[in-house]
Ligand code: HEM
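Shown next as structure tokens: one chain only, the form predicted alone.
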């Protein structure tokens, strides 16, 4: 059973099928935007299609059970394949030599085999060969000249005779295993991101402090490890009126201490304690207060005015002649009538007659503008200065525990693939078979074997072989 499981998980066919399935699922995740709110999905797709996509898990596909299951299977195939091949690879790196005949038999499909005749002695032939092929293959790993074991010769029945053995870049045969490890690191980062990370969203009013955000996938609240205060929000515009930048000034508060203040905008987030805050949207809430400028008509000093944000129906102390007031709206205003008024309470007695606003022209540099003005007994005046708008900044708050892990895994994978493709292991055997008869030429056998069948390798061997032929 273990043997069958080992064969199943180390199968190349299984790995290819898993890669195809993961790629197909990733394409779906690319076509359907991931991580939007459920409300956004309902608007985009409608209730029926939304429920189908939600049931299939296509709205949060990288956290779905089938994507994680396929990734786990892929990790198991890579671990099994590496565990089966790694001992042989390490042995090949430590002891790369195998006999000429065995190498020809095992690598007949990719080996380059050539025979040459020469009247020079075996010792002369091998010395010339060493100088010729050392340019591309380095120093020979093993050599045996004229039947005498050289300094690095292997003493066994397969190493007798006159031969040279070159091996270059054998260490890079481990590159595919390192590439497997890189993929495993990447997928491990994805798992950690699914288990420990999140994407959430919240709106913050100017001046408001929040400590909760809401998951995009299901709108569940998330308690943040710190508080976020929106100090200011501003929109910058081009000359043609188009928005140029949305800028939110945020303060991070931890244990009642302001830790960090920074302005964020699109593509310029704030990151603190492993959590990143992005500028996502902006807007304003329905106004609930009027800006009322209260003027003391008896006091001609500079400090004779005060701005009050008046919520309709709420009583405010003007601090002028013991007068209190409230800002109210007419229920059924007459045609062309200003729809709001001031109620006066003086000495704790309500003045029955409301103070009605009048429209007066107000001259500015840009021309005349309407001014809504109300006066009571030449003591106090009220100027309607507009409404108080509560701006909010919509921020996306994410915790990506997988980012650096994925980067590290990707870097490992890229380097492993680079060395795997551009540093091909190449082995070369040169064997001289002396003639048994006097004055006969010696037979020279050249066997070159690449780890991968690259055309450049065979052209390089042909070129060196021609140079070698001319020298012997």
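Predicted model, so just to flag it, every value in this text is computed and none were measured. Residue numbers count along the first chain shown, from 1.
Just so it is clear, the following notes concern the form predicted together with protoporphyrin IX containing FE, a form of the same protein that is not shown.
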Any chance 11, 77 and 413 all have a heavy atom within 4.5 Å of protoporphyrin IX containing FE in the model of the complex? yes
Listed range touching protoporphyrin IX containing FE, judged in the model of the complex by heavy atoms within 4.5 Å, from 124-132, 201-209, 77-85, 340-348: 77-85
Between 421, 55, 65, 407, only one gets a heavy atom within 4.5 angstroms of protoporphyrin IX containing FE in the model of the complex; which residue is that? 421
Does residue 452 make contact with protoporphyrin IX containing FE in the model of the complex, using a 4.5 Å heavy atom cut-off? yes
Could you confirm whether residue 417 comes within 4.5 Å of protoporphyrin IX containing FE in the model of the complex, counting heavy atoms only? yes
In the model of the complex, residue 143 touching protoporphyrin IX containing FE (heavy atom, 4.5 Å): no
Verify the contact flag for residue 323: yes if a non-hydrogen atom of it lies within 4.5 Å of a non-hydrogen atom of protoporphyrin IX containing FE in the model of the complex, no if not. no
